[in-house]
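Two forms, one chain: they're shown below as C-alpha cells, one block per form, named structure 1 and structure 2.
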Structure 1
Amino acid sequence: CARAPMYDFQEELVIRPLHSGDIYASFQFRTVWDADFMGDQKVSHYRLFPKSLGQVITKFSVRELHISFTQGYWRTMQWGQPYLPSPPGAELWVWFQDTVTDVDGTWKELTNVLSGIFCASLNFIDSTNTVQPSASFKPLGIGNVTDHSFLRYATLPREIVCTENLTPWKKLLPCGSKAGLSVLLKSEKLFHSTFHSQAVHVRPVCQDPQCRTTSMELRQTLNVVFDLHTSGQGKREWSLFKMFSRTLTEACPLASSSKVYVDVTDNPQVRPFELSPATPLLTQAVVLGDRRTYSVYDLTQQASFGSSRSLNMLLRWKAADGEMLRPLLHSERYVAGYGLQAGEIHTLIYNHHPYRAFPVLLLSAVPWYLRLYIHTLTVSSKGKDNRPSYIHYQPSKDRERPHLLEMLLQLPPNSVTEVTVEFERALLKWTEYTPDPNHGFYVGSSVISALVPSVVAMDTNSTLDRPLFSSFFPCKEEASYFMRVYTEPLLVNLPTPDFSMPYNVICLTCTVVAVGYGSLYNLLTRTFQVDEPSPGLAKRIANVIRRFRGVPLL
C-alpha cells in the first residue's frame, strides 16, 4: 500500500426564502475518498465512507450511481429552480463500468441490494420500467463514456417516501444524526412539509488538477420546502427552530467544513426581509444562471454561535414582495380525452426567454400498457410544426420493455412547445392488475434536459459594477447552464373488469354452454325421421300376443 487513503467530509445547508413565502432548505453532505474503486486493488478499510455503499459499488462495478427519493412535486412556477431536481417517487440511474459483461443481470442484482439498503421498493425495477437513454443522462463524473449500453435508468413514480427511507439515508452520514447539521433532520418536521426529496450521488472525481488519479465522491442531499400556510401559520417569518424544531450548536467534528448559507440576493436593494443574527460574511456565486448573494455562517467558528451557544437564524419579511422572475424553462404534462379506450399525452414545454431559442432533450418512458401510436406524434410551437432534429424511439414489447422516446427540440423564444402523442389503453391479463386497479396506473415523469441561457448573460445592457471592456460580448461567465426539469407523473385509468364478476361469469358461461351449445349440438347430431302414427289399441294387443308366439310383428 503506497499511502493511506485520504478522506474529506463537508457539510452544508442552503436556505432560500421563496417569493411565495415558503422556505426552501437544501442540505448537502459530501464525502470524498481518495481510493480507486475502479482499479483492481481491493478496498477493505472504510473510515468515513459508508461501508455498505462502498461494497456495493465494488461488487457491481458501478461507475456512477444516482438515486433519489422524492415525495411531492417541485413547483417551478412558484419556487423557481431547485438546486438538485428530482422526479416524484424514486429515480435510479447507474453507469456501469465497461468491464461488466451482463449489464441487465448486474442491474437486477444491484436494484435488489439497494432496495435493502434504502428500505425502498426498488426491487420492483425490472425490464418493464428500465430504459437506456441515448442522450439525456450523461455521466456527471470524470470519464468520457458514450456507450449507453452501460447505462440503466428507471423511475418508480408510485414510491412513497417516509421515515423508513430517511433513517437508512442518515446512517450513511459520518456523524449520523448526532452532531453537525444532521441534528436538524428530524422526521416529524421533515415530513410536515410540502416537498421532501433525498438523494445519494456517487461519482468519480479528479483527485488533483492534473487528474492523474481519481477519488470517489459521495454526495448526500436532502431538499425540503416548508409551506407558509401549513407549517408557518400564515406568518412570513421563519427560523431554524420553526422549521426543524432544533437549533445548531456545533459542527460535525469530522467535517473539514460546515457552513450554513442564506440566500439574501434580493435583500441589499429592496430589503424584503431581515436576517438575524447578521453575519459579516457574504459570498457571491452564479447559481443556475443567476448571480446570487449568500450570507455565510461558518459553524467551525465559535463566533457563529454567539453568546447563547446556539445558532437559530431568523428571517422576517418586512412586506410581501412582488413578482418573482419567471423561470426560463418549465413544463406541464397531462392526459387528454375521455373514455377508457384511447387518449392523448400532451407535454407542454415553456420557454420564457424573451429572445433566445435553446435546445432541449425530452425523454419519456411510457409503460407498455399504454400503446403509443407513434405516427400521431406531433410537435408544434407557436402554431407551427417544429421538427425535432433528433429522435430516438424504441417501441415497447408487451410485458417486456417500455416505450422510450427521446427527442432533441429547439424551443423558439417566448413560446410554448406542445408534444402530443395518442395512445390506446391495453387490456391487461387479470393477474396483472394491481390490488387497487381502480386507482389507475402511473406513467413516470418525462425528463427535460436543457442548456438554458443564463439570466446573467441575459441583461446585455447592464454595466453594473463591471468594467466596460468585460461586458461587450454576451458570452460571459456561464453563458448557459445545465438544467433538468421533470414533468408531473400521470395517473391513467385502464379498462378494469369488475373483479367481483368471476362468479357471475362462471355461472353465465356454464348456462350458455349448457343451454346454447348443448341444444345446438343436439339439433345438429340428431337424425330426423317421419314418425309412424301410433298404431291402434287392437293392433298393439295383437303385437304383444305375436311377440309371445315368436312370429314377426304386424
Structure 2
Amino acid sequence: CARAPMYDFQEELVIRPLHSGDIYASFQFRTVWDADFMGDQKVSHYRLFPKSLGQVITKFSVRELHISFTQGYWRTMQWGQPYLPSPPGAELWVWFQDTVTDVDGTWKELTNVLSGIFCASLNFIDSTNTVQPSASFKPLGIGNVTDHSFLRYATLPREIVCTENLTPWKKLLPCGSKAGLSVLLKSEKLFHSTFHSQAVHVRPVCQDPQCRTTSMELRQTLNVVFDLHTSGQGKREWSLFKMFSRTLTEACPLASSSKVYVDVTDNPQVRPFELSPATPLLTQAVVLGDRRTYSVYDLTQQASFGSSRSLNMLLRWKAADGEMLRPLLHSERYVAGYGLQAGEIHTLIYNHHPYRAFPVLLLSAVPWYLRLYIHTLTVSSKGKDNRPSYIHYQPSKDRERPHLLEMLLQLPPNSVTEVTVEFERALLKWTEYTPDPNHGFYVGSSVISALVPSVVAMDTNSTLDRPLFSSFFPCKEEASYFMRVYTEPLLVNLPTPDFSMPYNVICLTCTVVAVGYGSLYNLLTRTFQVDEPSPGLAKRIANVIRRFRGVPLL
C-alpha cells in the first residue's frame, strides 16, 4: 500500500526589545507536508495543510507563492532589520511551473481567487501594476529556475489591512485561534500597534541534505511592533498580557514544537532589563549576520507554565539601553520638484560597513502615468558617478504596463549612493481618477536585494534543526547573508481637473431647459376661457328673492 504522507507543524514566537523602548514580536507557523504538488499525482487528502491553499496550488500549477499584507512602515534606523521584510500595503509574487502555457491568464485568475480567500483587493492587480523581474526575485525553495517568464510580481501600496484579512489568515492554522501561540492574535491589540504585517509563504523544500525527497512548506508569519507610548502607556515594562491581553496556557496539540524566544543578547553584560519568570534554557542563533542569545520557553513542557498553569512573561527595564548599532544596509526614497508637470525620484542607498563594499540589486516599478526620462538616470556615490554593472529597463505602455527598472550597483564602504531619474506626469481621463484624486496616487516601494557581509560565519546547511526565524532565506555562503530592503512608497499628485464643473454645468443646463421648455409647453397646451365678472351684492340678493318668488332671474 502507498505510504501515508507525513506532516509536521511548528510554531514560534520571538520577542525582541528595541532600543527605542518599543517591542517587536514575530510569530512563525510552519507546516510541512511531503505531498507532491508539482507531480502528476492528484492530492486529495489534507490534514494539517489547508485545503483551500492546496487546491489553489494544484489548479494553477504554482511552484512558489509569497503574499504579505502590511500596515505601517518599518523604521530601520530605529528598530534595526526585521526577520522577514515586507512593503506597506499588499505584495504578491508567484513562480509558476513550466507546464503553464498562458502565464498572464493564470496570474489573473490566481489573483481573483486569492482575493476571495484573504478578503483583500487583490482583484485590482492587472497588467498595469504587474511586472516580470529579470533578476530580483529568485526562488526561495529548491530548484534552479532561470526562465523568469514564469515569474510575476505586483504590489498594491494603498491596501488597508484590517480584521477581515486577519480572520482568514488565522483559519489556515491547524489549531486556528483556539490553542497554542495563535490565542495571542487578538485583532483589537494587533491593529492598535505601530507596525503590523502578516504573510503567507508556500515553497518546496528538501527533507534531507542530499535533497532526495521534497516537501511543500507553508510558512505563516506575523510581525507586530508595539509602541512605547500608545500601547505601553510610556512605561518600559512589557508582558504578554500587556501586549496581547492574553496569556499562554498550552501549546497547540498538533505542533511538534512550540517555543517562545526572548532576545537577551545584551542582557548578560549590561542587564538593562529583567526577565521573569526566568528560564534556564538558552540558545544561540545566527540571525542577520550576527550571533544572538535567546531565552527559550518550551510550551510542550508543563514546567514552563509553573503552578499557575499560565505563562505571562514580564520584561522590566532597570537601566537605559546603549546606542543601537546602525544597520549595514538601508534605503530612503522621495519625490522632488515643483508643479504638476515634471519631477524627480530620488533613491538613497546607505552602506554603513566601514571597509567592505558589496553589490545590491535595485528594482523599481513605476506606474505608466509617470513617464520616466530614462536618459536622465544618474547614479552617484561619494560625489562620483557609479556606473551600474547591469541594467534591465522595460518601458511602459499607456494603460497597459508599468515601467520596470533593475540595476546592479556596487556600494562603496561607508557611503550613500543616490539614484535619480526625472519623470513627467500624464493627464488621465476623467474616468480614470480615484474617488479622492486630490489625495494623490501611490507608487509602490522599490526593492533592494543584497548579499551583506556577515560578522560571524553563516550556516549553509538548511536541513539542520534551527529556529524558524533564522532559516527562511537560503544561505549559500558563510561570509554573507541575504537581505531584502523596501523603501517607502511614494505619494504623487497628478494634474486633477475641477470635478465640480460638470455639476455646475448640469445644474445650469437643467435650469435653462426647465425655464425655456416649460414656458413653451405651457403656451402650447393651455386652454383660454372668458370668465364673466361676478354680479354685485344687490344683484345677488335680488336673484335670491326672485328665486323664492319663482320668477326669472335678472
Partner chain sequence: MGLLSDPNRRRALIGMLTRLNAPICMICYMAGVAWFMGLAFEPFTLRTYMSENAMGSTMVEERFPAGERALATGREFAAHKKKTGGMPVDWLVRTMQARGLEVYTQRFSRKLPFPDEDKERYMVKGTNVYGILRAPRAPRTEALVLSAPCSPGNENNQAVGILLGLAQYFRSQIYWAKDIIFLVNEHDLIGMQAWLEGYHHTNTTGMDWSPLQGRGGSIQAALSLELSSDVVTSLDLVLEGLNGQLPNLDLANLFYAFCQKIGVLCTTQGKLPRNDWDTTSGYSHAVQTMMLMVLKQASSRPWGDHGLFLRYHIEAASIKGVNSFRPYKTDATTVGRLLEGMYRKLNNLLERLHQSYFFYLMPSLTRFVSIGYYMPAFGLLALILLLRALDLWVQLSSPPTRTTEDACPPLCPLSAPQPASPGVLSILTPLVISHLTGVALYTLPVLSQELAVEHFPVSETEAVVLTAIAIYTAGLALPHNTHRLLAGEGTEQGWKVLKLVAVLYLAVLLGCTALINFSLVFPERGLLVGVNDPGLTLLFAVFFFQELQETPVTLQEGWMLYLSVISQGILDHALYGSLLYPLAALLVYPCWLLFWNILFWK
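These numbers come from a predicted model, not from an experiment. Heads up, when I say rigid core I mean the largest set of C-alphas that superpose within 1.5 Å between the two forms. Here, a residue number simply tells you its place in the sequence of structure 1, counted from 1.
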Kindly point out the structure, among the two, that is the form predicted on its own.
2
Once the two forms are fit on the core, has residue 495 moved its CA by at least 2 Å between the two structures?
no
Superposing on the rigid core, do we see a C-alpha displacement of 2 Å or more at residue 19 between the two structures?
no
Core-aligned Cα shift of residue 544 between the two structures, given in Å
65.0
